[in-house]
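This document starts with one chain, in the form predicted on its own, laid out as C-alpha coordinates.
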(Lines give C-alpha, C1' and ligand atoms only; values in the text may rest on other atoms or scores of the structure.)
Protein backbone atom coordinates (compact mmCIF):
# COMPACT_ATOMS: atom_id res chain seq x y z
CA UNK A 1 0.00 0.00 0.00
CA UNK A 2 1.39 3.41 -0.93
CA UNK A 3 1.91 6.21 1.60
CA UNK A 4 -0.96 8.19 0.03
CA UNK A 5 -3.26 5.14 0.14
CA UNK A 6 -2.43 4.40 3.79
CA UNK A 7 -3.04 8.09 4.65
CA UNK A 8 -6.48 7.85 2.98
CA UNK A 9 -7.33 4.68 4.92
CA UNK A 10 -6.39 6.27 8.25
CA UNK A 11 -8.74 9.18 7.54
CA UNK A 12 -11.53 7.19 5.83
CA UNK A 13 -11.54 4.20 8.19
CA UNK A 14 -9.23 4.41 11.19
CA UNK A 15 -10.99 1.32 12.57
CA UNK A 16 -9.58 -0.73 9.68
CA UNK A 17 -6.06 0.30 10.65
CA UNK A 18 -6.70 -0.79 14.25
CA UNK A 19 -8.17 -4.09 13.03
CA UNK A 20 -5.10 -4.74 10.90
CA UNK A 21 -2.86 -4.00 13.90
CA UNK A 22 -4.92 -6.40 16.04
CA UNK A 23 -4.54 -9.09 13.37
CA UNK A 24 -0.77 -8.62 13.69
CA UNK A 25 -0.94 -9.24 17.45
CA UNK A 26 -1.32 -5.69 18.81
CA UNK A 27 -3.53 -6.12 21.91
CA UNK A 28 -3.66 -2.35 22.52
CA UNK A 29 -5.24 -1.88 19.08
CA UNK A 30 -7.93 -4.42 19.98
CA UNK A 31 -8.71 -2.58 23.23
CA UNK A 32 -8.92 0.77 21.43
CA UNK A 33 -11.13 -0.68 18.68
CA UNK A 34 -13.41 -2.21 21.32
CA UNK A 35 -13.68 1.15 23.12
CA UNK A 36 -14.49 2.88 19.80
CA UNK A 37 -17.08 0.41 18.53
CA UNK A 38 -18.85 -1.05 21.58
CA UNK A 39 -20.99 1.97 22.55
CA UNK A 40 -22.27 2.45 18.99
CA UNK A 41 -23.00 -1.24 18.42
CA UNK A 42 -24.63 -1.69 21.84
CA UNK A 43 -26.73 1.46 21.38
CA UNK A 44 -28.02 0.23 18.04
CA UNK A 45 -28.83 -3.24 19.36
CA UNK A 46 -30.56 -1.78 22.43
CA UNK A 47 -32.78 0.49 20.34
CA UNK A 48 -33.72 -2.34 17.98
CA UNK A 49 -34.22 -5.05 20.62
CA UNK A 50 -35.40 -2.98 23.60
CA UNK A 51 -33.54 -5.28 25.99
CA UNK A 52 -30.14 -4.47 27.52
CA UNK A 53 -29.13 -8.09 28.20
CA UNK A 54 -29.92 -9.13 24.63
CA UNK A 55 -28.13 -6.05 23.29
CA UNK A 56 -25.02 -7.01 25.30
CA UNK A 57 -25.15 -10.54 23.88
CA UNK A 58 -25.48 -9.21 20.33
CA UNK A 59 -22.61 -6.76 20.88
CA UNK A 60 -20.32 -9.51 22.18
CA UNK A 61 -21.25 -11.87 19.34
CA UNK A 62 -20.68 -9.18 16.71
CA UNK A 63 -17.27 -8.26 18.13
CA UNK A 64 -16.27 -11.95 18.31
CA UNK A 65 -17.10 -12.25 14.61
CA UNK A 66 -15.00 -9.16 13.91
CA UNK A 67 -12.00 -10.63 15.75
CA UNK A 68 -12.37 -13.89 13.81
CA UNK A 69 -12.29 -12.19 10.40
CA UNK A 70 -9.50 -9.75 11.33
CA UNK A 71 -6.68 -11.76 9.70
CA UNK A 72 -8.61 -11.85 6.40
CA UNK A 73 -9.78 -8.21 6.45
CA UNK A 74 -8.90 -6.33 3.28
CA UNK A 75 -8.47 -2.63 3.97
CA UNK A 76 -10.38 -0.43 1.57
CA UNK A 77 -13.08 -2.95 0.56
CA UNK A 78 -15.59 -1.98 3.27
CA UNK A 79 -15.65 0.18 6.37
CA UNK A 80 -15.29 -1.79 9.59
CA UNK A 81 -18.22 0.04 11.18
CA UNK A 82 -20.47 -0.69 8.18
CA UNK A 83 -19.56 -4.38 8.29
CA UNK A 84 -20.14 -4.49 12.04
CA UNK A 85 -23.50 -2.69 11.88
CA UNK A 86 -24.59 -5.21 9.23
CA UNK A 87 -23.65 -8.12 11.51
CA UNK A 88 -25.54 -6.47 14.38
CA UNK A 89 -28.57 -5.85 12.15
CA UNK A 90 -28.63 -9.54 11.16
CA UNK A 91 -28.18 -10.75 14.75
CA UNK A 92 -31.00 -8.44 15.91
CA UNK A 93 -33.27 -9.66 13.12
CA UNK A 94 -32.60 -13.27 14.15
CA UNK A 95 -33.48 -12.51 17.77
CA UNK A 96 -36.63 -10.62 16.82
CA UNK A 97 -37.80 -13.55 14.70
CA UNK A 98 -37.21 -15.96 17.59
CA UNK A 99 -39.20 -13.91 20.05
CA UNK A 100 -42.26 -13.26 17.82
CA UNK A 101 -45.42 -13.22 19.88
CA UNK A 102 -43.47 -12.95 23.12
CA UNK A 103 -42.51 -9.31 23.62
CA UNK A 104 -42.03 -8.36 27.30
CA UNK A 105 -40.25 -5.02 27.55
CA UNK A 106 -37.29 -4.60 29.84
CA UNK A 107 -36.82 -1.26 31.52
CA UNK A 108 -34.45 0.97 29.58
CA UNK A 109 -32.34 3.05 31.90
CA UNK A 110 -30.02 5.84 30.89
CA UNK A 111 -27.61 7.69 33.15
CA UNK A 112 -29.38 10.63 34.70
CA UNK A 113 -28.09 14.16 34.30
CA UNK A 114 -27.31 15.33 37.84
CA UNK A 115 -28.43 18.87 36.90
CA UNK A 116 -31.92 17.68 35.91
CA UNK A 117 -34.87 18.23 38.17
CA UNK A 118 -36.92 15.22 39.25
CA UNK A 119 -39.74 16.37 36.95
CA UNK A 120 -37.37 16.67 33.97
CA UNK A 121 -35.97 13.18 34.66
CA UNK A 122 -39.46 11.71 34.77
CA UNK A 123 -40.45 13.51 31.58
CA UNK A 124 -37.29 12.39 29.76
CA UNK A 125 -37.88 8.82 30.93
CA UNK A 126 -41.49 8.95 29.71
CA UNK A 127 -40.34 10.24 26.32
CA UNK A 128 -37.70 7.51 25.96
CA UNK A 129 -40.19 4.84 26.99
CA UNK A 130 -42.78 6.16 24.53
CA UNK A 131 -40.19 6.25 21.72
CA UNK A 132 -38.99 2.72 22.50
CA UNK A 133 -42.55 1.40 22.63
CA UNK A 134 -43.37 3.12 19.33
CA UNK A 135 -40.18 1.80 17.70
CA UNK A 136 -41.13 -1.74 18.67
CA UNK A 137 -44.38 -1.48 16.70
CA UNK A 138 -42.52 -0.85 13.43
CA UNK A 139 -41.68 -3.74 11.10
CA UNK A 140 -38.13 -4.98 11.69
CA UNK A 141 -36.49 -3.44 8.60
CA UNK A 142 -38.24 -0.12 9.14
CA UNK A 143 -37.13 -0.05 12.77
CA UNK A 144 -33.52 -0.81 11.82
CA UNK A 145 -33.51 1.90 9.14
CA UNK A 146 -35.07 4.51 11.45
CA UNK A 147 -32.65 3.72 14.30
CA UNK A 148 -29.62 3.83 12.00
CA UNK A 149 -30.71 7.08 10.31
CA UNK A 150 -32.36 9.14 13.02
CA UNK A 151 -30.75 7.83 16.22
CA UNK A 152 -27.31 6.63 15.07
CA UNK A 153 -27.08 9.45 12.48
CA UNK A 154 -25.72 7.32 9.63
CA UNK A 155 -26.03 8.40 6.00
CA UNK A 156 -28.41 6.58 3.65
CA UNK A 157 -25.65 4.95 1.53
CA UNK A 158 -24.07 3.42 4.65
CA UNK A 159 -27.46 2.20 5.87
CA UNK A 160 -28.07 0.66 2.44
CA UNK A 161 -24.79 -1.26 2.74
CA UNK A 162 -25.63 -2.40 6.29
CA UNK A 163 -29.13 -3.61 5.41
CA UNK A 164 -28.09 -4.87 1.95
CA UNK A 165 -30.73 -2.82 0.13
CA UNK A 166 -30.72 0.16 -2.25
CA UNK A 167 -30.56 3.79 -1.13
CA UNK A 168 -34.11 4.40 -2.41
CA UNK A 169 -35.34 1.51 -0.26
CA UNK A 170 -33.62 3.10 2.77
CA UNK A 171 -35.31 6.43 2.01
CA UNK A 172 -38.67 4.69 1.73
CA UNK A 173 -38.21 2.70 4.95
CA UNK A 174 -37.11 5.72 6.97
CA UNK A 175 -39.88 7.93 5.58
CA UNK A 176 -42.58 5.33 6.34
CA UNK A 177 -41.08 4.66 9.77
CA UNK A 178 -40.92 8.35 10.62
CA UNK A 179 -44.56 8.85 9.54
CA UNK A 180 -45.65 5.85 11.62
CA UNK A 181 -43.77 7.13 14.69
CA UNK A 182 -45.25 10.62 14.27
CA UNK A 183 -48.73 9.11 14.08
CA UNK A 184 -48.15 6.86 17.11
CA UNK A 185 -46.59 9.59 19.25
CA UNK A 186 -48.70 12.51 17.98
CA UNK A 187 -51.55 11.83 20.35
CA UNK A 188 -49.19 11.79 23.32
CA UNK A 189 -47.70 15.28 22.89
CA UNK A 190 -49.40 16.78 25.94
CA UNK A 191 -48.72 13.75 28.15
CA UNK A 192 -45.04 13.83 27.13
CA UNK A 193 -44.72 17.55 27.86
CA UNK A 194 -44.33 18.81 24.30
CA UNK A 195 -45.64 22.28 23.56
CA UNK A 196 -46.64 22.78 19.90
CA UNK A 197 -45.23 26.33 19.95
CA UNK A 198 -41.76 25.11 20.97
CA UNK A 199 -41.33 21.91 18.89
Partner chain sequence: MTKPDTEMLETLFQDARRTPPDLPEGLMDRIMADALAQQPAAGPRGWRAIWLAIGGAPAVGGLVTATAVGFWIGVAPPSNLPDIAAQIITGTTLATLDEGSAPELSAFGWDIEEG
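For clarity, every value in this text was computed on a predicted model and none was experimentally measured. Numbering follows the first chain given and starts at 1.
Same protein, other form: the form predicted in complex with the partner chain, not shown, and the subject of what follows.
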| field | residue 35 within 4.5 Å of the partner chain in the model of the complex, heavy atoms | value | yes
| 4.5 Å heavy atom contact, residue 164 to the partner chain in the model of the complex | no
| said: Against the partner chain in the model of the complex, would residue 140 count as a contact residue? Criterion: heavy atoms within 4.5 Å. | reply: no
| field | Residue contact check: residue 76 to the partner chain in the model of the complex, 4.5 Å heavy atom | value | no
| Heavy atom distance at most 4.5 Å to the partner chain in the model of the complex, all of 83, 95 and 136 | no
| Sequence-ordered list of residues in 43 to 70 near the partner chain in the model of the complex, where near means a heavy atom within 4.5 Å | 43, 46, 47, 56, 59, 60, 63, 64, 67, 68
